[in-house]
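A single chain, nothing else alongside it, follows as structure tokens in the form predicted alone.
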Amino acid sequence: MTTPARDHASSPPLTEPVEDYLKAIYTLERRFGAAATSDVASALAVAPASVTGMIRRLASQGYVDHVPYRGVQLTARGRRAALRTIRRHRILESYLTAVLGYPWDRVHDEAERLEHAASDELIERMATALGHPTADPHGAPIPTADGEVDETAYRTLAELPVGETARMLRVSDKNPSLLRYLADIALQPGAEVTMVARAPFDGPITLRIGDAEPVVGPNLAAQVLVESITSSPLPVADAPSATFPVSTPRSRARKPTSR
């Protein structure tokens, strides 16, 4: 398999906007099977007309295919490029937390800026220094240098049956307030959480995490991916090899405030 580094070396460096587009299309394609122009525009906060022009450019360069009435899908070349950028982002987040002491709620924006400038050599040196982690501080799988990534689908905490215990696996890195709150109630990758009660009509959800029983909203629970404790062990549940600092819990039983 051609590695992202070799593919990069044989082609002109991608611009920052192109890398951002390919990342967004990859994420949307994983969720919906294809990326609609409107969804790409929303994800990148750009005008739909700008997306249309960029999609034509990416298609002409062999990075995407346009499926009429459905959306855009990455080609094999586009997928390699997207995963290369995602690898840089997640290695950078891991390094910032494990080595430089950044809390997990502050690394996303830093990694967004650095991912476009960091060389492949620097990223691989960081990965080696970290012991080649398989997941970032938020539990997201880190693509390998060969462009392989664990794309296993997991259920959300909101889907956990009452009485069942699961292991928290992953949460998005894009909402600092959410990440701070999850750290506050000790709901982080690797934590064991039990569904104690669920109020009807999309009411609040009561969890048990250690000795605390925090109450969260269904919207929050829907953003947290989990795996049943009785399932086979998961690589991402092991977390990266390094230890990632997070905010010190202040009140494990505090109810969430409105966001």
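Quick note: we count residues from 1 along the sequence shown, nothing fancier. Everything quoted here is computed from the prediction, not taken from an experiment.
This protein has a second form, the form predicted together with the DNA, left out of what is shown; the following refers to that one.
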| item | value |
| --- | --- |
| Among the candidates Thr37, Asn219, Ser228, Thr206, the residue which, in the predicted bound form, approaches the DNA to within 4.5 Å (heavy atoms) | Thr37 |
| Three-residue site Val46, Met54 and Arg70 fully in contact with the DNA in the predicted bound form at 4.5 Å by heavy atom | yes |
| Val18: touches the DNA in the predicted bound form, heavy atom cutoff 4.5 angstroms | yes |
| Exercise: Gln223 in contact with the DNA in the predicted bound form, heavy atom 4.5 Å | no |
| Contact test in the predicted bound form: His66 vs the DNA, heavy atoms, 4.5 Å | yes |
| In the predicted bound form, Ser50 touching the DNA (heavy atom, 4.5 Å) | yes |
| Listed range touching the DNA, judged in the predicted bound form by heavy atoms within 4.5 Å, from 193-201, 24-32, 38-46, 209-217 | 38-46 |
